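Here we start with a single chain on its own, the form predicted on its own, put down as structure tokens.
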């Protein structure tokens, strides 16, 4: 286990919901980013933990990160970055001819800017807890699955419930809870060629009739996969239904759509939102 308690801490304003920020970030009149780290020289040659979210506004947040890391590299700081949700991590495989895999590019840029280690949560290209070298960057991946399931247990009022993964990618979240997950198939790529395929079918090969169900996944973006999965869960005759996701982006009005179909919706504050009822702060404090 990494011990970050002895390291100097730098906190971006976009982490202010969890820790007091000590980095100043603003904009010039033309929209260019302006960053100031007060008493920058105090971090020279030291081990530093940098807390900076890369979502929402991922492109701007990523450039802010590069500016901060370059400044710390110049004074030879050794930086561990804590960024709870890693954008672009979902695009780790090239499917269409000429596609650029942005997951590896993102990690390489972070490493080359001066980051020795990234700490993140439920990273898409891991599909498990652990640590590994990914391109030029050493990544340690923690999971909030256990915490989400514990929160769901309270909302179910201590009634028994089945934990079901939304698809095979969520299998690691449910492996200690019966290892049940829905089977997903996708349609062919559309003419837009953005590397995304619509859901063709979701299938269940186990009995959920009359049972409480927690449907869990690592993230909810537009919610299209979650909504398709919920249709199957409801058709199976489930009793109470809850939804949990580590990263709740809740785009395209998905929070409202999902909320109308279930008894509750939970996410963590890797991405702050009104549905982020489970916090990563305690786990971060134990690192």
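Numbering follows the first chain given and starts at 1. Small disclaimer: the values here were computed from a predicted structure and weren't measured.
One more form of this protein should be noted, the form predicted together with a small molecule, which is absent from this view; the next part is about it.
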Find out whether any non-hydrogen atom of residue 166 is located within 4.5 angstroms of the small molecule in the predicted complex, and reply yes or no. yes
Taking the shortest heavy atom distance, is residue 33 within 4.5 Å of the small molecule in the predicted complex? no
State yes or no: in the predicted complex, is some non-hydrogen atom of residue 57 no more than 4.5 angstroms from a non-hydrogen atom of the small molecule? no
Answer for residue 223 alone: is it within 4.5 Å of the small molecule in the predicted complex, judged on heavy atom distances? yes
Check each of 90, 211, 117, 180 and return the one that places a heavy atom within 4.5 angstroms of the small molecule in the predicted complex. 90
Since exactly one of 50, 233, 68, 219 fits, which has a heavy atom within 4.5 Å of the small molecule in the predicted complex? 219
Out of 99-107, 149-157, 135-143, 211-219, where are the residues with a heavy atom within 4.5 Å of the small molecule in the predicted complex? 211-219
